[in-house]
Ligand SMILES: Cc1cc2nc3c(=O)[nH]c(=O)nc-3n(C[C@H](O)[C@H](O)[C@H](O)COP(=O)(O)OP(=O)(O)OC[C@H]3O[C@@H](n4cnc5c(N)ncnc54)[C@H](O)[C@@H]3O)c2cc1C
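In the block that follows, a single chain appears as structure tokens, in the form predicted on its own.
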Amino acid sequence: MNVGMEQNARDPFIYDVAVIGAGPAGVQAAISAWHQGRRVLVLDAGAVSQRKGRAYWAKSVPIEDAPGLDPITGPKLRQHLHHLLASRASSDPEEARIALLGAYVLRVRRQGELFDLSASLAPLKAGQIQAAGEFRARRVVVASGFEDGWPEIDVEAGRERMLERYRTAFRYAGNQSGWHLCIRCDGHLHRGGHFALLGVGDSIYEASLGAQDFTDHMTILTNGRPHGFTPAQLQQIEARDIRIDLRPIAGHLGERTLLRGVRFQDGEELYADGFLVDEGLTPNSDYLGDFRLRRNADGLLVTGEDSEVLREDGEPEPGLYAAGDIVAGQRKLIATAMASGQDAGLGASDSLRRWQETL
């Protein structure tokens, strides 16, 4: 369900809860708040941009570890989640309802006891907004996740949009033989095989720890960079007979969407059964620039026990909640995202009660 709006339109309705993001965490937050009788707005950037969330890029590998869901691919999961939201819609603004809108949030500001949300309702052209919308809500749940970094291989110079810039890398994403982003999710596909892990430092070291559950045959690729491991990490890697290859990678070796190997700049080729990349992440939270919030080293939001986002001083930012991949210290799995979405949705809803528990 997409709600059409005029250019530069302001929605006069004040929602109880606005949810930014329509992935597993955002949808669960919206449904949980709606179930408590709240009027909910869900803003989905994926409808007007390529920011559809990590789960979406599981294109042909079924997601099998989410309770309550039969094995399902990322695009099908996205359709299923949107169907759940649409089935809870109502044309009567006085009823508890969920409104789903394709919108890329640009800024969130506090205005007294309300939040003002500014968004683009259509794809940007040359960085310019084509249609803008303004929304108001009493509570906000941030569930916009992050963007994974992608390898600088076969990159087309001059491209700016993520999908176009990494067109070749994305061609091999989300396939049984292709670039994986989550060793916990996809490591089982290559049990006993040769796993090539691309990245440097702590992130790829942690990926190698996870890969050992599935295989002892690993190669770490740095794509021309220093490996970045501590002496203790390097000692452990060498003791496990894991090869580290520092050579720059010139290109992919594949058939259609199946990644078979990589070609180094010196012409040598390396083939593997599975490939995983961890080039860091970029949180989708630029729109929170008006708030001074606590973040971890990756820029992910730190939350308290009620899912409220914490300020730099460690105190909760009243009315602002977060769920899913954008939360620091949380496992990046669908089941976990749904659980945190439920916590955030219920926390936001509970805070709207007319009277609260007394001590």
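Residue indices: 1-based, along the sequence shown. Here the structure is a predicted model, which is why all the values come from computation and not from measurement.
Beyond the structure shown, there is the form predicted in complex with the ligand, which is absent from this document and is the topic of what follows.
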Seminar exercise, completed: Within 4.5 Å of the ligand in the model of the complex, heavy atom basis, the matching stretch of 142-150, 208-216, 272-280, 237-245 is 142-150
Exercise. With the ligand left out of view, which of Ala137, Leu259, Ala99, Ala103 would have a heavy atom within 4.5 Å of it in the model of the complex?
Worked result: Ala103
Exercise. Which listed residue (His252, Arg88, Arg78, Arg171) meets the criterion of a heavy atom within 4.5 Å of the ligand in the model of the complex?
Worked result: Arg78
Problem set entry | Touches the ligand in the model of the complex: Arg39 (any heavy atom, 4.5 Å) | no
Exercise. Does Tyr287 make contact with the ligand in the model of the complex, using a 4.5 Å heavy atom cut-off?
Worked result: yes
Problem set entry | Partner proximity in the model of the complex: Leu320 to the ligand, non-hydrogen atom cutoff 4.5 Å | no
Exercise. Is there a heavy atom of Ala22 no more than 4.5 Å from a heavy atom of the ligand in the model of the complex?
Worked result: yes
Seminar exercise, completed: Checked 40-58 against the ligand in the model of the complex; residues with a heavy atom within 4.5 Å, sequence order, are Leu43, Asp44, Ala45, Gly46, Arg51, Lys52, Gly53, Arg54, Ala55, Trp57, Ala58
